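Encoded as structure tokens, the following chain is the form predicted on its own, with no partner shown.
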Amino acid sequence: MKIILNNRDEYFDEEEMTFEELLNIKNFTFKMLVTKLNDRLVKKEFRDSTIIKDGDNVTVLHLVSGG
């Protein structure tokens, strides 16, 4: 499948995957992440049940605080 991940084309052998699987495959390990699927927020508790399919637009942002 082909998705857009953070404004870049990404290709995967899987036909679909959960958001949590994508985070593991791409090694997003930062604890504070904002995740969006097709411009809709995906809360942390729903990442393991939210399905990403061919053509989806996915955004993963690291939250950083500071002053």
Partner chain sequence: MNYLEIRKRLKTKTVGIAGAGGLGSNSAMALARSGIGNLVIADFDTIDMSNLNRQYYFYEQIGKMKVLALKENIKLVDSNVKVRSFSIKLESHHITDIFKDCDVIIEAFDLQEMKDMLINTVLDKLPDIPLIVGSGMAGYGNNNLIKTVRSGNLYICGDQLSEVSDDNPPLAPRVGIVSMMQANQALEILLND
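Quantities reported herein were computed from a predicted structural model and do not represent experimental measurements. Residue numbers count along the first chain shown, from 1.
Quick note: we don't show the form predicted in complex with the partner chain, though the next part is all about it.
By the criterion of a heavy atom within 4.5 Å, residue 26 is excluded from the residues contacting the partner chain in the predicted bound form. The closest non-hydrogen atom of residue 53 lies beyond 4.5 Å of the partner chain in the predicted bound form. In the predicted bound form, the partner chain lies farther than 4.5 Å from every heavy atom of residue 2. Contact between residue 18 and the partner chain in the predicted bound form is not found at the 4.5 Å heavy atom cutoff. Applying a 4.5 Å heavy atom cutoff to the partner chain in the predicted bound form picks out 59, 61, 62, 63, 64, 65 from 46-65, in order along the sequence.
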